[in-house]
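A single chain comes next, written as structure tokens; it is the form predicted on its own.
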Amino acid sequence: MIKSLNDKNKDFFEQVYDVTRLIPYGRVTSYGAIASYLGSKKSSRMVGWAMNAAHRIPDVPAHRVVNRNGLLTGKMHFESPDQMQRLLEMENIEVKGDVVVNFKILFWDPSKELI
């Protein structure tokens, strides 16, 4: 059976959620890092779409996924504009001006960590 585009997207989204569940407490990753790990480097925007809905899935820590510069670009998809930052701060991740402080130190790269 040929999968429809929506089925393919759903499968990709589930893979994104599976990787996101593996991000360690107190660490962050980027949309692009997840896309690259899944073998689809140019699909970071699609990872973003998956994250747009992920904050409603209780076991997917969507707050740990930021843009390639550590910017909280997905914050508007949470219940309140400051919820993403609050969740990160609960994990001792400092955020200033909507950017993760020490992003390079806290960055978790699934391509290197999930060997």
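If you're wondering where the values come from, they're calculated on a predicted model, not measured in any experiment. The numbering used is simple: start at 1 and walk along the sequence shown.
In what follows, reference is made to the form predicted together with the DNA, a form of this protein that is not presented.
J.: Would Q85 count as touching the DNA in the model of the complex under a 4.5 Å heavy atom rule?
T.: Contact with the DNA, no.
J.: Is there a heavy atom of L38 lying 4.5 Å or less from a heavy atom of the DNA in the model of the complex?
T.: No, L38 sits far enough from the DNA in the model of the complex that none of its heavy atoms falls within 4.5 Å.
J.: Verify the contact flag for R27: yes if a non-hydrogen atom of it lies within 4.5 Å of a non-hydrogen atom of the DNA in the model of the complex, no if not.
T.: Looking in the model of the complex, residue contacts with the DNA do not include R27, since no heavy atom lies within 4.5 Å.
J.: Can you check whether S80 is within 4.5 Å of the DNA in the model of the complex, heavy atom basis?
T.: The answer is no: S80 has no heavy atom within 4.5 Å of the DNA.
J.: For the stretch 23 to 52, I need every residue with any heavy atom inside 4.5 Å of the DNA in the model of the complex, listed N to C.
T.: Residues within 4.5 Å: S30, Y31, G32, K41, K42, S43, S44, R45, M46, G48, W49, M51, N52.
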